[in-house]
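The chain below stands alone and is given in structure tokens; this is the form predicted on its own.
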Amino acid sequence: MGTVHARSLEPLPSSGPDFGGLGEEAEFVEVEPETKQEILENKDVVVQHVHFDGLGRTKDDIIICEIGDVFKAKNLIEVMRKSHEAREKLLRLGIFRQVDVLIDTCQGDDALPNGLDVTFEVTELRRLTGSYNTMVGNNEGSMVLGLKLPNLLGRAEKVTFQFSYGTKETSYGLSFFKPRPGNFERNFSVNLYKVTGQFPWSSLRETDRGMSAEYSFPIWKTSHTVKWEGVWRELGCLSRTASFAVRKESGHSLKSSLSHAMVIDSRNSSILPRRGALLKVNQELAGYTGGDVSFIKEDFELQLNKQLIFDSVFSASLWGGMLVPIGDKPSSIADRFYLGGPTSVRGFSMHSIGPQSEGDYLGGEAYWAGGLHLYTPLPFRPGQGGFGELFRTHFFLNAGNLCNLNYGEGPKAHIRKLAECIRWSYGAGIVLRLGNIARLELNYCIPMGVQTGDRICDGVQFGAGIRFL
């Protein structure tokens, strides 16, 4: 995307781990290595001017927020490092196709002997861009077409239209994104959308038409998102053989909810991490801002990863959640939790654990699921250092339960019910990491603790997705 260049105030290094080569414009003077090192580390400099070449519709104020630290540099190494950091911030805004940095001695009447000028040569994105790609969800795939208006008002605003056609879901939506100048992690977005999904495990079809507004912000090491969503939901039967319990859920409903999500993520990769931890907590309150659906919903996700000897990784995961209806109206099949499948409790069919009626799975109001995993390199390490590094051998033990609770019985009764009829499975397989997009699993599963009505997948099971237990 670009490099950091420098003309020498005194001799500069020709290469470095962070900044790459200096290019043909660097002027070299032969000096003793000790003198060169002393100059680089000890010579004080002052950044007098920062210039931008190539700006068109971008406003000055949002640029100033991103490059302010460059003026605080006290020596050449700091100037190069802070210029590189500023370049990364500019690229993160999503409004430039390319950013190059040139560091030169200051020229002019006001030039100081140790003064430097830093020039950012930028190329703005076009006013209208398009994209075509494929997306992998949890055991489903989709084709995505998009149109984007980047930097719409000159301060990194973005309008996006996206159409997605998938194996189980079709959607289109329009969104507006606005970051806070100088703090990209603080941003606001508004979305309008329509989503039609098919859920064969429940013989259910759902069409959502809605809008949402959300604000994201960091606090210390955590990321938070506060969201309001209003959605008109239309539920219908996917087939003529749908059970009466699913037919009874059919019809229209209006949900208006407030939600909050907190994330702490120290993993080195979200797809197949080798170290670090993840904690994700979600709360949702529906009914107090309108609509005819009322409930409180809480769920969490915890994951710990530890690298062991022989390039192996041990991973432990725990999920859980509870939904409490407010008032006399029971919870909707569209709001409940579902469990089972190659991305959660392996060895069971997709969302095929828990309450069901005539073969249609209705979901539950409380669940938990846990997993222990050991990832090791392939035997004899074929393709070591190359394509073979994308594959891992996988050994796992999964367990979980999904049920409905009687909320008048108290916490002890709830725990006792969640501890009854635990489904669990174990097995081994192969994992393929598809870059930072998704991962594929091919496992041989042995399901245990199977209950009446559960649908199992005894033997080979294939899974694709981005979120795995």
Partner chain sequence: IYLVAESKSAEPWPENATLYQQLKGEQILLSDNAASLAVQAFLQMCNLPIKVVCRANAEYMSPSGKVPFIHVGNQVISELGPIVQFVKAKGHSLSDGLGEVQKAEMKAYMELVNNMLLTAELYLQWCDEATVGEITHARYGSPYPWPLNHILAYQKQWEVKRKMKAIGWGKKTLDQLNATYVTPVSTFRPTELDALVFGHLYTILTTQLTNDELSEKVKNYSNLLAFCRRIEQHYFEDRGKGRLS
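Numbering follows the first chain given and starts at 1. Values in this document were obtained by computation on a predicted structure and should not be read as measured data.
There is another form of the same protein, the form predicted together with its partner chain; it is not shown, and what comes next is about it.
- The shortest heavy atom separation between Ser250 and its partner chain in the predicted complex is within 4.5 Å.
- Mapping the unseen interface onto this chain, Asp292 counts among the residues with a heavy atom inside 4.5 Å of its partner chain in the predicted complex.
- Proximity of Phe161 to its partner chain in the predicted complex falls outside the 4.5 Å heavy atom cutoff.
- Of the heavy atoms in Phe391, none are within 4.5 Å of its partner chain in the predicted complex.
- Proximity to its partner chain in the predicted complex, taken as a non-hydrogen atom within 4.5 angstroms, holds for one residue of Tyr165, Tyr288, Phe314, Phe244, which is Phe244.
- A heavy atom within 4.5 Å of its partner chain in the predicted complex is found for one listed residue only; from Trp232, Tyr215, Phe176, Phe395, this is Trp232.
- The candidate stretches are 177 to 185, 337 to 345, 67 to 75, 250 to 258, and the one lying within 4.5 Å of its partner chain in the predicted complex by heavy atoms is 250 to 258.
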